[in-house]
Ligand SMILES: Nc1ncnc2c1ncn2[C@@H]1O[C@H](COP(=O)(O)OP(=O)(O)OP(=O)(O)O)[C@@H](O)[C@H]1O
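What follows is a single chain, given as structure tokens, in the form predicted on its own.
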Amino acid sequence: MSKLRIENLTKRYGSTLAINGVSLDIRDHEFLVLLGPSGCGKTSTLRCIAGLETPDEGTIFVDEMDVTDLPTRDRDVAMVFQSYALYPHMTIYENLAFPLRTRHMTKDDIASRIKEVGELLRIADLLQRKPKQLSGGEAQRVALGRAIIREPKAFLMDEPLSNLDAILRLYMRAELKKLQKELGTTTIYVTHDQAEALTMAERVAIMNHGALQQVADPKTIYERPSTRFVAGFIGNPPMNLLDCEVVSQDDDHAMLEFSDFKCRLPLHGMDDTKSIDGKKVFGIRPEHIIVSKTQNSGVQGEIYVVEPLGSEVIIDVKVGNSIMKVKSVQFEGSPGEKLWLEFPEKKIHLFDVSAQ
């Protein structure tokens, strides 16, 4: 297997800066997901690693060997595309055999390898079909097979599940994760779907505007987002983010003033009390807000709309001119009804206004 390293990768398309000085280490055997919105630079980064794009600056290493200027065929990485990129005029057997024939393997060795991969991916009964005769899930497994059969140093996957329906996508998500663990092949997986990223990855690298925002395991990404962008991008619904200002502070509490209300924040639950001053962005996840119909010392609001989701309920609460989303397991209420919201101190995040 293999480890990969990217140093100061930069790519421009005309006046557009697609990748802005990205540096990243991908460990041997690791499943790393590049996550971010459309146009953030994640696919361009993957294509540079594959050799399908030439970076303007930076260096790409595979097992400490500089491959930046090597052609794709000499990098020993396999890419799985969103479109599957199967040859429509070839049978599945011929599609799988093609990369092995280019390596001048014998017919017997090719047949043996195809049999092995066919059984692994449960496509052995599809080998005489053409791609147009396959379902989406079957085509996706064949595309994986064509990558696996080469036994590359790394897999590069560009949104391979995005063309599947929701139920099949859930199934293939688990299958892909299990397969990568069995093979142990270093994998870089690109997606804009946070559910895919958080459930599949060992580490997630979040990008925005061509730059890395945070690289960490899924638990850390969710519980300790390092930037306002990460906090607002991760979570369904995402974290509530409100502008506020620290107007007073003593040894134990800070008073936060929002546009329409104030609240006291205990300081002993915060990591760095020295940074709690001036204008801030207050953040709390919907599931961490405690909601009550009984008046208490919390912040008063009123129900704007209730969104039942079966096992849980999303409550949109109007607080002044702001809307805060609350996630609850059990709740009944009607628009216009008064509520009180409490924010557990250990679940509160404060971000600098200047930090995106």
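Don't overthink the numbering: it's just position in the shown sequence, from 1. All figures in this text were calculated on a predicted structure; none of them were measured in a lab.
Here the subject shifts to the form predicted in complex with this ligand, a form of this protein not shown in this document.
Verify the contact flag for Glu159: yes if a non-hydrogen atom of it lies within 4.5 Å of a non-hydrogen atom of this ligand in the predicted complex, no if not.
Looking in the predicted complex, residue contacts with this ligand include Glu159, since a heavy atom lies within 4.5 Å.
Examine Arg203 and determine whether its closest non-hydrogen atom to this ligand in the predicted complex is within 4.5 angstroms.
Arg203 lies outside the contact set for this ligand.
If we define contact as a non-hydrogen atom of the residue within 4.5 angstroms of the partner, is Lys280 a contact of this ligand in the predicted complex?
Outside the cut-off, so no.
Applying a 4.5 Å heavy atom distance criterion, does Ile26 contact this ligand in the predicted complex?
Output for Ile26 is no: heavy atoms all beyond 4.5 Å of this ligand.
With this ligand left out here, work out from 32-40, 63-71, 289-297, 307-315 which stretch has heavy atoms within 4.5 Å of it in the predicted complex.
Only one stretch qualifies here: 32-40.
Tyr13, Thr16 and Ser44: each with a heavy atom within 4.5 Å of this ligand in the predicted complex?
Yes, the whole trio is in contact, each within 4.5 Å by some heavy atom.
Here the chain is shown alone; which of Lys177, His192, Arg150, Arg169 has a heavy atom within 4.5 Å of this ligand in the predicted complex?
The residue from Lys177, His192, Arg150, Arg169 that makes the contact is His192.
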